[in-house]
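Quick heads-up: it's one chain on its own, the form predicted on its own, in structure tokens.
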């Protein structure tokens, strides 16, 4: 569920042929790592645009002059005032599932990475879905879930505080629990636990128990990949058929600095 490419310099915009090859590698493997990059935000944005339209998220810190290139840093601190490191995405999720058109892809560029820790983990939601019993798959195929920008549950990780004005611009969205990938035609579990407020037609607590059960199923070792970062890695992954999580297990004082680009998606079906 992951592949790495070397010998590509994204300072030069990908040709149509290279872009098609990279997209196919991503559709086939769900996680694509392009190693050995040393590029500025403009070249990074141009390269990722070969995969789709970058999204702008004004509420997230970004590179000056490049609002679509957001930053993740070991210097980020929790808004609770306790001074503890904020590790964005520390619980299993799919990026921006609360949006009516959630992100299709995420690209993360490792500019500074710690010598140990700070890995990113991925869960293959195609494989997790396909491993379920047929009667379970049929039942899940009928379910719809309401996703919200405001975290749906307490205790599932630290998040930045959200401006009420931003929340007002992001009303809840309802998506199928099982979605069909527009490029591959394959079905996958679509889960972002902390954004899933409730399953339509189901008691809220009962729905959360089902979601937790599916998460535990999906993160079994046979469905997961753990990416050990090298400086200069650009990792692109497909939110439509993966969950992922960041690990904040690197030592205090170690630096980790990433630039992220989100690629716009479509309405899940």
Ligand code: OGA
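Residue numbers count along the first chain shown, from 1. Since the structure is predicted, the reported quantities are computational estimates derived from the model, not experimental observations.
One more form of this protein should be noted, the form predicted in complex with this ligand, which is absent from this view; the next part is about it.
For the options 128, 177, 113, 108, the residue carrying a heavy atom within 4.5 angstroms of this ligand in the predicted complex is 108. For the options 72, 152, 104, 188, the one in contact with this ligand in the predicted complex, meaning a heavy atom within 4.5 Å, is 72.
Contact check for 28, 223 and 238: none of the three has a heavy atom within 4.5 Å of this ligand in the predicted complex.
Though the partner is left out of this view, residue 119 does reach within 4.5 Å of this ligand in the predicted complex, counting heavy atoms only. Taking the partner from elsewhere, residue 172 is found to have every heavy atom lying beyond 4.5 Å of this ligand in the predicted complex. At a distance threshold of 4.5 angstroms between non-hydrogen atoms, residue 246 is in contact with this ligand in the predicted complex. Taking non-hydrogen atoms only, residue 193 never approaches this ligand to within 4.5 angstroms in the predicted complex. Annotated contact segment (heavy atom within 4.5 Å of this ligand in the predicted complex): 88-96, selected among 194-202, 137-145, 88-96, 164-172. Along 1-39, no residue reaches a heavy atom to within 4.5 Å of this ligand in the predicted complex.
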